[in-house]
Ligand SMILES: NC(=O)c1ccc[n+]([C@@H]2O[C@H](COP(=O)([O-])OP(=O)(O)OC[C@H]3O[C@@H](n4cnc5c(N)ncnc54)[C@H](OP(=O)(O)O)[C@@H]3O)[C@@H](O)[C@H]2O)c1
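Here we start with a single chain on its own, the form predicted on its own, put down as structure tokens.
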Amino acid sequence: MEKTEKRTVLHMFDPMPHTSPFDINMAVDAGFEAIFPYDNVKLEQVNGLVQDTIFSRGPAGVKRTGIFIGGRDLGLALNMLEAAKNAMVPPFEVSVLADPSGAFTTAAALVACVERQLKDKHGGELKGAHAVVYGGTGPVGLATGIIASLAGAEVTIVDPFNIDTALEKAKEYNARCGSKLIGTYASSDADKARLIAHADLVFCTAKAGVQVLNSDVLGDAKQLKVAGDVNAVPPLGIEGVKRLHNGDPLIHAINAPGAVGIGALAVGDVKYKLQNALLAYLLTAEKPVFLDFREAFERARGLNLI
């Protein structure tokens, strides 16, 4: 009897009450044949779930099996990724991708898009650039700040209300990831203008439907080169930056000639391609891989961003 190749399977571990439909759709599009979401997963349960996953398929089956870790908490996702890695028993090992709230792939796409425009329009690089992340204490903002910092930028993450939150997040993730984030807050346009005055790069990662930077604030930018916005819900995060902008002039930055903007759909196109590629890689990697924001950014840099 001819031996039938095992079906491809993705197990999705999520500490939240519901696994994201976005991530499930992405897994389908990446080619997984069977997808099983697990909700309300606790960190201490990861070991048992992983070992149930690996021992049931055999050495050939594990090569056609992957694990996805979601949720909204970056630290918890990284802990779960580490727990999954530690639960493997060679040769029973599967590849794992962590992307909580889509933050790792969204942030990687955003920083890669900004980096490309910085190079193409200004001949610059992330190393040494002054970057401000508005909405910097949320999942995407934190991941953006960490990625940009590890690439050499001098990064300030901004909480809209509370400086203690920003300082705590910066301290926690600097210790964890080796970044050098600076934490602050900006509750008024005057605060935002003070920060943007000396920024080379702006990342707008605030919640959907909130305009963070209006034309008056943008008028205070003096050395701004590139601004990226991930908000696709009106009003958009940066006044004058449209969803499809990708290196278009930032018209309200009147004191920063040459400044350009990148919109949410331009970033989103790269994020979609990136998450698809990483999910597919779970099945094609020669050896088991454990993927987080680091691999996401390296992959994003290699994508065609034109």
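As the structure is a computational prediction, the values presented were derived from the model and not from experiment. Numbers follow the displayed sequence, beginning with 1.
We do not show the form predicted together with the ligand, though everything after this point is about it.
Practice problem: From the candidate stretches 177 to 185, 200 to 208, 76 to 84, 121 to 129, select the single one in contact with the ligand in the predicted bound form, where contact means a heavy atom within 4.5 Å. | Solution: Comparing against the ligand in the predicted bound form, the contact stretch is 200 to 208.
Quiz item: Looking in the predicted bound form, any heavy atom of residue 245 within 4.5 Å of the ligand?
Solution: Looking in the predicted bound form, residue contacts with the ligand do not include residue 245, since no heavy atom lies within 4.5 Å.
Self-check item: is_contact(residue 72, the ligand) in the predicted bound form, heavy atom dist at most 4.5 Å
Solution: Yes - in the predicted bound form, heavy atoms of residue 72 and the ligand come within 4.5 Å of each other.
Self-check item: residue 214, heavy atom within 4.5 angstroms of the ligand in the predicted bound form
Solution: So residue 214 does not count as contacting the ligand.
Quiz item: Are any of the heavy atoms in residue 231 no more than 4.5 Å from a heavy atom of the ligand in the predicted bound form?
Solution: Although the ligand is absent here, residue 231 would touch it in the predicted bound form, with heavy atoms inside 4.5 Å.
Quiz item: Which residue among 240, 268, 37, 61 has a heavy atom within 4.5 angstroms of the ligand in the predicted bound form?
Solution: That would be 268.
Quiz item: Which of 54, 264, 279, 260 has a heavy atom within 4.5 Å of the ligand in the predicted bound form?
Solution: Answer to the contact question: 264.
Quiz item: Out of 73 to 106, which residues reach within 4.5 Å of the ligand in the predicted bound form, heavy atoms considered?
Solution: The stretch touches the partner through 101, 106.
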